[in-house]
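Single chain ahead, by itself, as structure tokens, in the form predicted alone.
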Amino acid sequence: MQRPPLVTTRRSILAVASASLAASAFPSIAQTLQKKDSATMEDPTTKYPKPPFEKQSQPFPGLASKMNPKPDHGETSYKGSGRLAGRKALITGGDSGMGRAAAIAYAREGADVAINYLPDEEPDAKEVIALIEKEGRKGVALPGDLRDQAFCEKLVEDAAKALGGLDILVNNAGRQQQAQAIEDITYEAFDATMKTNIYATFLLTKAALKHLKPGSVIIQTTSVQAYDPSEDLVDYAMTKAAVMNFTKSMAKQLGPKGIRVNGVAPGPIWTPLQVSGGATMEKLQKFGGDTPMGRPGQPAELASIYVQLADPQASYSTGQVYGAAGGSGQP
């Protein structure tokens, strides 16, 4: 029995050629994907430094640039994608810690950013402004003490004027000083913590409302201390619980106006707060070691949370508190 003659068609030639091309190409594609996966997959338990940390102290409020190891705020790691293009943000405590991480991320997402900080934090603040401007965004430095009512009100007006409006307010600045017993907390220290952490949050939010339109957002930095307070951070923990409740109350009040209000509750994060009186030397050396991840978090690890809460795509999220505590604490 004879076989039918082999008929060569244009279609069959193309099919063979395509199969050969795919066979030669697929291995390289697979290799590329493997390389990409291996480059992006990281073990979070070993991604950043673990305790023990060296003994170190600075006068309050401290500088991130003088810490060892230096905190990572996303200076080289955060990559933006235009999620906040054209937005205008005011961030308190924007020189270091979560405020700095948010400022860098916001600029790389396309926002113009004004930061507030204490005059003693000027060296850190200059670095942040330079990073914002490097992204082609407007960076505005507004130093001053948030304990002063008149300054709080002026800060909002100056930020709105310099940015040409305001649609993101991040109440992040905080004062934290450890005390082993309530008898060790002076009235002056208690007053300073209350005014920095609670009064300023109230005053800035109130002043900002005249500028915030539907679609605007307010983000507060609260803390795991609001849910699981430490025995040596009594006044600080009180303020963070108040900020958490303020967040939820304002979300209900401003929801009908189209303004979202959310919070971020960090656990142990490596910031100048810890080396400038926020922790004992013993705690500092072991800082973050008792979390399931065995280390403190870095400000850069929270940057994406601040972006997500400001992103217009998260339009149904309000009255929420997002935690980042390495597996311990709440929420």
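Quantities reported herein were computed from a predicted structural model and do not represent experimental measurements. The first residue of the shown sequence is 1; numbering continues from there.
As for the form predicted together with ligand NAD, it is not shown, yet the points below apply to it.
Contact with ligand NAD in the predicted bound form, defined as a heavy atom within 4.5 Å, holds for exactly one of Asp167, Glu109, Asp112, Glu121, namely Glu121. Only one of the listed residues (Leu273, Leu284, Met293, Ile305) places a non-hydrogen atom within 4.5 angstroms of ligand NAD in the predicted bound form, and that residue is Leu273. At least one heavy atom of Gly144 is located within 4.5 Å of ligand NAD in the predicted bound form. Heavy atoms of Gly288 never reach within 4.5 Å of ligand NAD in the predicted bound form, leaving it off the interface.
In the predicted bound form, at least one heavy atom of Lys240 sits within 4.5 Å of a heavy atom of ligand NAD.
Ala173 belongs to the set of residues with a heavy atom inside 4.5 Å of ligand NAD in the predicted bound form. Look at 130-138, 255-263, 216-224, 182-190: in the predicted bound form, residues with non-hydrogen atoms within 4.5 angstroms of ligand NAD sit in 216-224.
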